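Quick setup: one chain, the form predicted on its own, written in structure tokens, and binding and motion questions come after.
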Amino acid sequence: MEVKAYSDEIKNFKGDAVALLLYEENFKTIGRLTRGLANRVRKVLETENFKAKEGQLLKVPTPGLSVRVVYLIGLGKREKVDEDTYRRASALLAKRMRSDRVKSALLITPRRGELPRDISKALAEGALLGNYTFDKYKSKKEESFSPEELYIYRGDEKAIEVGKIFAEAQNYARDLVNEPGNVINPITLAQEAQKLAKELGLECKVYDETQLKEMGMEALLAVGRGSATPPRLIHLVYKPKKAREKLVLVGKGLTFDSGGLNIKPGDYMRNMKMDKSGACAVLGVMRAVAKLKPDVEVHGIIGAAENMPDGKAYRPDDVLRAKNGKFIEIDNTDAEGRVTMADTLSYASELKPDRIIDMATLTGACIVALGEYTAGLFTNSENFAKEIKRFAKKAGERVWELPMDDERLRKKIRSQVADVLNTGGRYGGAITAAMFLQEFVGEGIDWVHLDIAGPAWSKEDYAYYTKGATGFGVRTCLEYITKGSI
């Protein structure tokens, strides 16, 4: 679907539908329609219990008039409306256009004059995120319908373009996560990164199992040892002429997680293609960065592996040497993501960045603590955490900071035979997992870990998401990189 600004008079619009966003119990915007459309809408409102509460949508058929339908969409109480309210409203419109097979629509907000950049951007993001579908493997393509055009009345064209780049990056990540394990494995994920780099002018280096051994990445190699497909380390780079900051993004890239020798029950193995969500989010961010060209040097690091059980698989009680020289005792092979990230975070730290953000579907404990819609945030830098929380709010992605200062919990990952144990037990599991990761972050580097296990995958349709991969984290990182200013 194309999203564009519309600057002509409303009466001259020749598409299929007009959509009005309305504040709760404030219908003044209806008066901006042509007299025929306004009269028709008011007549229908007399018999409908429509209050314009957030999420309410009323469809008003208008046969014989300039458009065939008018949509009224509630924003809720004016004082509570923010960027994400507009994002959710345009997503709702896009989903309804798809179900009603409406090709084109003009979206009108209750604001007068030219739309602010942030609202224009949010509306574009919501429309494209809400219109997302993954139907690659459906044979009957003729049943699928996608709207062709959404025009934003008096929208800011540059901001709309940025919103499109943000949303397309997130949808790209969703596509990759939704791909099954027989399509995306460590090798094909690396090939996708190389393809992305070639198309967009990024640097890309992929390290195979022989090189990983030479580099001392025993932890990543061990996790992937039980699979017929060997692991890969992927390193993407964007370098501007003059950078104000050097940032490294690290993504967990488990293309499928069976649990290894500590094998998961069948119900818990289902949808484990989503265990690569952090890696796919990193690729999505790099895709957008290459187009936006910010003044930040950005590196994307992915440790890609498949955790499978066979005679070569790593075992409980194994001791592995990570790239930074620390030894890891394995308690549970199903706590494999943090083991792969021990090496990738060590590698990232060697790049001497100012800051590191890692994204990982790391722990079920984080879902227990925060639910399915909120990511856990862990950090060694209070100021960095404040920035990420601010930009996550701007992106409409929920994060909540969990503590890293409980030394009694930290004792849970002490090993009797090695430097660190790869699990700390059931209680406080998201925190002890983050403490484990911190062991592999270099001194003096500001670091934020996002445990996206809950919001990376949705079991339901809501807001601008459908069932399946969400691409969570992509827009938060982009907002941080651009400082919300593009």
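For clarity, every value in this text was computed on a predicted model and none was experimentally measured. Sequential numbering from 1, following the sequence displayed.
Note that the form predicted in complex with a small molecule isn't included here; everything after this is about it.
Among the residues Thr340, Thr361, Ser120, Asn185, the one placing a heavy atom within 4.5 Å of the small molecule in the model of the complex is Thr361. Between the options Ala159, Leu196, Leu370, Met274, the residue in contact with the small molecule in the model of the complex by a heavy atom within 4.5 angstroms is Met274.
For the small molecule in the model of the complex, the listed stretch (298-306, 197-205, 257-265, 396-404) containing residues with heavy atoms inside 4.5 Å is 257-265. For Asn332, a non-hydrogen atom is located within 4.5 Å of the small molecule in the model of the complex, even though that partner is not displayed. Proximity of Ala453 to the small molecule in the model of the complex falls within the 4.5 Å heavy atom cutoff. The closest non-hydrogen atom of Ile73 lies beyond 4.5 Å of the small molecule in the model of the complex. Interface residue remark: Leu247 is not counted as part of the site for the small molecule in the model of the complex, having no heavy atom within 4.5 Å. Site residues Arg174, Ala375 and Thr466 are none of them in contact with the small molecule in the model of the complex, judged by any heavy atom within 4.5 Å.
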